[in-house]
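Taking the form predicted alone, here's one chain by itself in structure tokens.
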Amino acid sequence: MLYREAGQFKTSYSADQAIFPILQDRLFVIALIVLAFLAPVALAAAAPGLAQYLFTEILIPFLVFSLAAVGLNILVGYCGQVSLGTGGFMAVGAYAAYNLWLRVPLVNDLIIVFLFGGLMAAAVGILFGLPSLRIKGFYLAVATLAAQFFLDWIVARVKWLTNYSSSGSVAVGNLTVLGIPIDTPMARYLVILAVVVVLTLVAKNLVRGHIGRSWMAIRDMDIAAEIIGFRPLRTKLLAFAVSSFYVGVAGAMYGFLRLGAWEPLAFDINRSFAILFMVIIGGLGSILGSFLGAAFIVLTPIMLNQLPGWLGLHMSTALISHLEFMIFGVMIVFFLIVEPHGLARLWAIAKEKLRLWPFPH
């Protein structure tokens, strides 16, 4: 009864093209964003210890990985270009942002630093996106996997990138945004949340416009898309650039606001696979699916670590780690076979059933 658009009429082109044409959806998203900003702040005042764990171990990783998944989903889900180099592009964003922050002290505002990291990752993404003009599918996946290993090697061997650190690790401190110090978990969370909200809105509008339609045309049938006027060169490289920009910003935020100090192994091949799993489980070609997949990947290990204690079972950390990989594998196979569009499609089906209830469907 509550989720029905009866009586809601579209009287203009802008209303017809709205991101959330149903009033209930708009109100739900607005309430969710407001709650995301206000609820953790209230929790920090009421229970500082619990709030710190919530910020550092759940909310901040969830938001960062969600943004990275949105970037990868633009490339894989909307443009159909398989990539296994997400971790490498995150490393490019993190180390580019670090070097700007370190070597240009006059430009050390985090927003500028993150944008620079994203732009450098976009440039590298365009470079490694050039093979997509000639190869696709499995061969493109191998090419992007080579990009992952090459970028890992560059970061580990070029000492200038790590400020000649003997261990290869770097650290940041005294972070500010518009002159405001970002020195608490709550402040870091609010900065990340603001960036994620803005970039998600931009991504949603991109995939709904002519750029998104060109990506999906290349994904569905590239030869037919070229015949009707889409340019594969520009379309594919634009997808690599936008995707790498999002992933680079996510990498910079992960290094600066989640880790604080990191080494090249923080962005290894395992990170690439984790982001890819988020996209597959959440749903290819869905912005919402990127967030659902990130929530699943972030929360599953935490639940697995807590579940044995709740059930009174004694399980080793190694066994829990193996169970985690097994569950991820089973979920990926399940969604690829039963529901290729992932959790986002299940959510859409549930909404459709709610809209028609109690009528037969």
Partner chain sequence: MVLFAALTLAQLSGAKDVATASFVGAGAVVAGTAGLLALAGWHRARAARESRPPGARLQVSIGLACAVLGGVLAAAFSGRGWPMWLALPATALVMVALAYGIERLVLRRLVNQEGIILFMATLGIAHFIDGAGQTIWGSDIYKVDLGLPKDPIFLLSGVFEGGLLVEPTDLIAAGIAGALVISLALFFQKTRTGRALRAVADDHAAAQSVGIPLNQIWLVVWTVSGLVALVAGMIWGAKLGVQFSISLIALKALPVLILGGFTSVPGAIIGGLIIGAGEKLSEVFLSPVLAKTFDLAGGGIENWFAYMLALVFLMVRPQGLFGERIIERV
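For clarity, every value in this text was computed on a predicted model and none was experimentally measured. Positions refer to the first chain, counted from 1. Between two forms, the rigid core is the largest collection of C-alphas that superpose within 1.5 Å.
Although not depicted, the form predicted in complex with the partner chain is the subject of the following passage.
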Checking 96, 284, 195, 124 against the partner chain in the predicted complex, the residue with a non-hydrogen atom inside 4.5 angstroms turns out to be 284
If we test each of 107, 180, 111, 135 for a heavy atom within 4.5 Å of the partner chain in the predicted complex, the one that passes is 135
Assert contact_stretch over 135 to 143, 85 to 93, 286 to 294, 113 to 121 against the partner chain in the predicted complex, heavy atom within 4.5 Å, equals 135 to 143
Is there a heavy atom of residue 62 no more than 4.5 Å from a heavy atom of the partner chain in the predicted complex?
no
Heavy atom of residue 176 within 4.5 Å of the partner chain in the predicted complex
no
Does any heavy atom of residue 280 come within 4.5 Å of a heavy atom of the partner chain in the predicted complex?
yes
Please determine whether residue 191 contacts the partner chain in the predicted complex, using a 4.5 Å cut-off between heavy atoms.
no
Mind listing which residues of 240 to 274 have a heavy atom within 4.5 Å of the partner chain in the predicted complex?
269, 270, 273
Quick one: once the rigid core is lined up, does residue 299 have its C-alpha move by 2 Å or more between this form and the one not shown?
no
Does residue 316 move its CA by 2 angstroms or more between this form and the one not shown when the core is aligned?
yes
